[in-house]
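Below you will find one chain, with nothing else, as structure tokens; this is the form predicted alone, and questions on how it binds or moves follow later.
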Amino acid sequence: MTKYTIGLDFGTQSVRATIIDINCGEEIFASIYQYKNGVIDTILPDSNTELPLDSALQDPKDYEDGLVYTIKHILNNTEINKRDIIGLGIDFTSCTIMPIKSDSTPLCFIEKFRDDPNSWVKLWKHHAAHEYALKLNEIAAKRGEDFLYRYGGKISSEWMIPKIMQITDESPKIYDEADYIIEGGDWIVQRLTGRLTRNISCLGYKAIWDGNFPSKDFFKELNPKLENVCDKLSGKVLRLGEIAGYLNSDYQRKLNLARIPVTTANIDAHVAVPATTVVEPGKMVMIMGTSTCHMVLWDRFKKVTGVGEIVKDGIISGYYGYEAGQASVGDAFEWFIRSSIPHTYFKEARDKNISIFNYLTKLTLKLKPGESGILCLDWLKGNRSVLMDADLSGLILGIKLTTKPEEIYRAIIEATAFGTRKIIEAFENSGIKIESLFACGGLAQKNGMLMQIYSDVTDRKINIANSTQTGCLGSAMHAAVAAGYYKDIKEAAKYMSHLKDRKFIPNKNNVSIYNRLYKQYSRLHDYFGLPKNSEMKILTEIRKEVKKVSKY
């Protein structure tokens, strides 16, 4: 008899849910819910409270509303017997955190705290905690904390502790009132089951945890109030694919489901690895969307320059899971189209009854590598790997009065491919051989031109995941393991994940040209990215100073 699991994928703008046949991985039905408040980055909803520069907050009510809507939607549009649904799995953007009470109530749900930004969810791309990350890194280096070695020598402003430092410093009452500070995925699991658990992946990759947190003395030096912060980070730590609890009576009623097991929460990029068939070393998975995450498995610990997220059992049990990434990819393309395309292009796209993306792609396909004479740096949201510097910014070099939009567009795409090549080289220079590339996500599924450029720039074959919803599929696969249908995620991947027949093979003529362009990209990368050359940092500081003055 066919059995099914439900996979929930909480993204930056929406939540997706799918119901999956766990015998073969077939997607039976999918649903998506766009968050009402989306990314909150200028002013709090229903409030006059302005947000600091580089804020990115969210409303946890959007998560709950989306969860209920999408699951009810898929159940109402299939004829599956609900008794054959045997589990539910969840993945979430990370590091996405919120302060809560012990009964799981977010502090932003409490009226007296609602106008304080620090009571709301801090989304993964919330960079307003950058100064706190700098302080943490300085103190950790001075103390000789060994965790810096494990995290590439630098903790990111996107991670949990800098964000908690911001809450503590700016809103001490919020910190005091919070019984716990929790990742979004673990919060959803708590709401569904009534049990507070922590997943090993978020703790290891985003919370400076390797079985234990740093010492109380370290936290006290960050801020005396943080001496006992570990109390607010407590909860049963679970491995991926374990049962976190069972659907509680409240959600059984809301969803019209039985008391099915709910598996440990996971990170969205990480569940995509087995959903892309990868369960062994030597392969890099690129999860390509607004940003790109680069995931690699290896059988032992190796320090990789500029790669700061290495956790044993963090992706697949038995391996060290490495996570690198580029902070701006799809959103860089979207920025260019939104801000730099003339109205005539939009009109021509409408006349041809195609999207502006497809129209621009058609024009870009006519260009040869190097033809435009333009080179870019892809740091529109800083550099996550390998420079690990959020203060860096983008660059377009070589434009002329004759330059066309499609030439700049192609150069931006090429820059993101060069950035990926930098990451691959960092791994290989450390002795981790990357034999082939696997890609998933919206960009990989929809844009063949982009994938061919990546294949040519990296000189590697690229395989594409068959599933268009690898987050949901990966979560459903872990749910199948938790339910006992498969013994582990490797066995689940054997039956549930598949690749498309089409593969992208390097064009050797293009590879030769891109090798020359990459040398120039590398020179720009080092000149503008290394600390001794601080033009971009100076511009960022001026921007922050002007913004601060204008606010008053």
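In this text, residue numbers run from 1 along the sequence as written. We call the rigid core the largest set of C-alpha positions that still match within 1.5 Å between the two forms. Bear in mind the structure is a predicted one, so any value in this text is a computation, not a measurement.
What follows is about the form predicted in complex with a further copy of the same chain, which we do not show.
The three residues P342, L401 and S534 all sit with a heavy atom within 4.5 Å of a further copy of the same chain in the model of the complex. With a further copy of the same chain left out of view, the stretch that reaches within 4.5 Å of it through heavy atoms in the model of the complex is, among 361-369, 109-117, 142-150, 444-452, 361-369. Out of the listed residues R300, R83, R338, K352, R338 is the one that sits within 4.5 Å of a further copy of the same chain in the model of the complex by at least one heavy atom. Screening L499, L51, I513, I32 for any heavy atom within 4.5 Å of a further copy of the same chain in the model of the complex leaves a single hit, I513.
Put simply, A483 is far from a further copy of the same chain in the model of the complex: not one heavy atom of it is within 4.5 Å.
Shown alone here, L530 lies farther than 4.5 Å from a further copy of the same chain in the model of the complex, counting heavy atoms only. For V304, no non-hydrogen atom is located within 4.5 Å of a further copy of the same chain in the model of the complex, even though that partner is not displayed.
With a 4.5 Å cutoff on heavy atoms, S328 counts as touching a further copy of the same chain in the model of the complex. Contacts between 387-416 and a further copy of the same chain, taken as any heavy atom within 4.5 Å in the model of the complex, involve S393, G394, L395, I396, L397, G398, I399, K400, L401, T402, T403, P405, I408. Once both forms are fitted on their rigid core, the CA atom of G529 lies 2 Å or more apart between this form and the one not shown. When two forms of a protein are overlaid on their rigid core, residues whose CA moves 2 Å or more are considered shifted, and F109 is not one of them between this form and the one not shown. Annotation for N212: C-alpha shift under 2 angstroms between this form and the one not shown, rigid core superposed.
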